[in-house]
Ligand SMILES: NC(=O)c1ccc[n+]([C@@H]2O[C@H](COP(=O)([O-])OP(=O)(O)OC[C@H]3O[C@@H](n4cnc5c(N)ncnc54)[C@H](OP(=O)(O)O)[C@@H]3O)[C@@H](O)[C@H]2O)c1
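Here's a solo chain for you in structure tokens, the form predicted alone.
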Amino acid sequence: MTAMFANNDRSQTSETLDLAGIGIGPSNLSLASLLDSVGTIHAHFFERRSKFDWHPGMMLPDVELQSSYLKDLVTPVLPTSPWSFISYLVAHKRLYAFLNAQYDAVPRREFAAYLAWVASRLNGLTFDAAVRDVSFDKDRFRLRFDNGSVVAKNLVVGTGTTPFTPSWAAPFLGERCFHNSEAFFRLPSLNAARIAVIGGGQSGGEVVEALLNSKPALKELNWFSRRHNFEPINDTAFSNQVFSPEYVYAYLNLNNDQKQEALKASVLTSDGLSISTINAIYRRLYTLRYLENRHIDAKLSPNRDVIQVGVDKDGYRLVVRNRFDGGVEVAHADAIVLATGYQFRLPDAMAGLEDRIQFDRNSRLMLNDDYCLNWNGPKQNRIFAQNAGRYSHGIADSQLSLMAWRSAHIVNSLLGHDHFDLEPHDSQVNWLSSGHDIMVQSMAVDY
């Protein structure tokens, strides 16, 4: 992939790109890394931020990846790429040190440094280049910046997911009520004796662990989860089959209702708490109570729905329904941390095309099997969407696990032939009924 722009050059060009990328997060960085090995696709990726920075607000002490470092930008489909995590370790002369550290899981800061290393060296990326508007005319997309524009035959949206804020929390967002995506920046200066954490997944657990370790003034901690308990991630060999290409091929054969059931059944393979986080929280509470004689009124409350929040002289007043016994409870807090997850949304720059894009009855984007949005433009002009197919392609789509595999599908689709071999492997699990062949051709290019 040739570098068509110097970094930070957003001047207009008459040359038409084969592909323009909006956003440079891990997904589009993976796609750019694979395209670097192809050479025949003229692609360029644009990012509004001044540099690559992966979830900086979530880099709390000792947080870890929940997937293997081999599921990096390229390795599952191109293990010889110079943009692999192993190549990063070798380039920094710490491969042996890393191996000798015997990490059960890679520190998230290490993986973020790897991603930033690739982004700083890869051609075809321009930072500090906010796409202000996207339009379509005849057979070309036009992306407009503050300084000029570019045209492209195809688009790929890789702006990632955005923090989800419950409706009850929206009026209170600020220094004392914030999403966990800001935790790294907000927690150090948070002076609060009573804190409520909303959300029982891994992000909520990481916030709770950080609070217990760093807030000596903390007197009361309420941790609310909608789940039946504070449940561990389902990380067994068989459960991890849902993060395989074979599962995606099988999942694509389901109807919409079956997909929703499958997604619900596999939620803890993705959104559960890591065992290390669970044990760290439990042991910290034990140490505080029995070894340090420091009493914290820690209320870990699963099966709860926050139904109303207000402000009074004591801070925030939370009304919570207990779905276990049907009771209604009231809790008070000086601060609220929202570990309420993320959702995909089209970037504002796509507003001009939104009425041409199809959504389902739940206002979710409708993706074809090859990760293209359904829209009413010409078939040869495609809008690919990265990390937007949790409902259409399965739970792995919102994770790092199949990032390289998905990017390879997009490359194959752009080329019109199978540059990358993505035939399914032999699966240890039979997902479909006997005699029901996996429809590999459903991922084929449609011209």
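Counting begins at 1, following the sequence as shown. What you see is a predicted model, and the numbers here were worked out from it, not measured in a lab.
Same protein, other form: the form predicted together with the ligand, not shown, and the subject of what follows.
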### Query
If you check in the predicted complex, is Trp375 within 4.5 Å of the ligand, heavy atoms only?
no
#### Entry: Any non-hydrogen atom of Gly315 within 4.5 angstroms of the ligand in the predicted complex
no
### Query
Can any non-hydrogen atom of Gly341 be found within 4.5 angstroms of the ligand in the predicted complex?
yes
### Message
in the predicted complex, is there a heavy atom of the ligand that lies within 4.5 Å of any heavy atom of Phe172, even though the partner is absent here?
### Response
no
### Task
With the ligand left out here, work out from 415 to 423, 376 to 384, 62 to 70, 31 to 39 which stretch has heavy atoms within 4.5 Å of it in the predicted complex.
62 to 70
### Query
Every residue in Pro245, Ala250 and Asp370 with a non-hydrogen atom within 4.5 Å of the ligand in the predicted complex?
no
#### Entry: Contact assignment for the ligand in the predicted complex, among Asp139, Asp297, Glu292, Asp305, heavy atom within 4.5 Å
Asp305
### Query
in the predicted complex, which of the listed residues (Phe98, Trp117, Trp168, Phe184) lies with a heavy atom within 4.5 Å of the ligand?
Trp168
### Task
Taking the ligand as it sits in the predicted complex, which residues of 186 to 221 have a non-hydrogen atom within 4.5 Å of it? Please list them.
Ile198, Gly199, Gly200, Gly201, Gln202, Ser203, Gly204, Glu206
